[in-house]
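A single chain, nothing else alongside it, follows as structure tokens in the form predicted alone.
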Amino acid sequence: MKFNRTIRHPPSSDPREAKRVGSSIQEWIDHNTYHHSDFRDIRKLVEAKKESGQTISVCIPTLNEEKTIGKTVVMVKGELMDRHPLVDEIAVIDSGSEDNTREVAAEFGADVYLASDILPDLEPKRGKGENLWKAIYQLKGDIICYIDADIKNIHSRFVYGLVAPLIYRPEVRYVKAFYDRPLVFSEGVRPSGGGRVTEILVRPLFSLFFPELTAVIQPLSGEYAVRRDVLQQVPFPIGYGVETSHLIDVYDKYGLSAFAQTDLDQRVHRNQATTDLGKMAFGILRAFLARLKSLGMVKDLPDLSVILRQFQARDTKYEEIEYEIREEERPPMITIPEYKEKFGL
């Protein structure tokens, strides 16, 4: 199956087109969806990595994660650097934690960087996407694997399950994780939905504008592995929209066949309040609409407000709370002179 590299307009309502999209989605799922147990032979994976000549960096973006960061670093370093030499580098990129996140991470063996110290001539910005973007400059690997720092059931599968498709299949460029959070089992069928924002916002938007991307089971998962030559070519929203924008940009450039996804079974982490999810949805929607405009899929899009309004009740009084949420973007790293000089581009 040859996938279209770019969709410049909303998908057709023609039933034949819908059938074609459904067929391409199922074919992709059959060939590009894995379970982490497919790669349980880590020694074999290490040998394949050596033969390919690729290097792997693990990046953990942090902000006040002292309770979980130590366990994460110990797992990656102990299992995938000391015991099995799969990972070449593990680094924490920190947003300015006010607890002991950086100290704990360094004590257990990670390279630790303050995001504001990387490319210091640029005006510093706060946000997870900023850390992910600066990791491209700071880290050395041909493949960068991002994992969140708040995973309570961290396991080596969160790394080897994501980098393996990139090692074994040169045509794959971007691998996403999916997992239960946990989800309910019913008569042997496991629901494969994502989080609340995925199912309420992102999946409906993808269904309307990028139907093939609905094949990505958890588009907002914070765990994914990507080739450097892809990461350096895409812009990075510094806020909530970074994962959604990545999928659209990589899909626009390479098509669905560039992606793979791996089932990591279960991810246990802290749940966010509904009001916080509202902030996330607001940022994602702003980033999504910006992508539609840049791709020429919508015209005459008005200037969008950066103010999200929510309400809270105090006894019989109702208070409106305003949050300013801007989805600023960093340009593709390949356009940064310091990066080009460092990597000889």
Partner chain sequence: MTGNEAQHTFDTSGPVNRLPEFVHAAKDMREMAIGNLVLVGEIPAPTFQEKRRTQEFVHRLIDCGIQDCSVDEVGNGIGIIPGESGEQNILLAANADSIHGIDIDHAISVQPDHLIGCGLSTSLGVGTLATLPMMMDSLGIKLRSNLILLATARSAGRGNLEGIRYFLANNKYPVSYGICLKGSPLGRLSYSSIGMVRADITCRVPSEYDWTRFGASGAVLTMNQIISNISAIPLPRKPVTNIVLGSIDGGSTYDRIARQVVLKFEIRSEDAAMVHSISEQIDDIVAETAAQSGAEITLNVFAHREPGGIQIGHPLVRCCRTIMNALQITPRIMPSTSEHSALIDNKIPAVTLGISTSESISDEQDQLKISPMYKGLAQVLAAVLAVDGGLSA
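Numbering follows the first chain given and starts at 1. Here the structure is a predicted model, which is why all the values come from computation and not from measurement.
Although it is not shown, the form predicted in complex with the partner chain is what the next lines describe.
Of the residues given (71, 196, 140, 169), 71 alone sits with a heavy atom within 4.5 Å of the partner chain in the predicted bound form.
A heavy atom within 4.5 Å of the partner chain in the predicted bound form is found for exactly one of 215, 75, 250, 201: 75. By the 4.5 Å heavy atom rule, the three marked residues 228, 291 and 329 all fail to count as contacting the partner chain in the predicted bound form. Contact annotation: the partner chain lies within 4.5 Å of heavy atoms from the stretch 146 to 154 in the predicted bound form, the single such stretch among 240 to 248, 146 to 154, 130 to 138, 206 to 214. Proximity of residue 113 to the partner chain in the predicted bound form: non-hydrogen atoms within 4.5 Å are absent; the residue sits far from the partner. Looking at residue 108, you'd find a heavy atom of it within 4.5 angstroms of the partner chain in the predicted bound form. Shown alone here, residue 40 lies within 4.5 Å of the partner chain in the predicted bound form, counting heavy atoms only. The partner chain is not shown here, but in the predicted bound form it comes within 4.5 Å of a heavy atom of residue 67. Using a 4.5 Å cut-off on any heavy atom, the residues of 80 to 94 that reach the partner chain in the predicted bound form are, in sequence order, 82, 83, 84.
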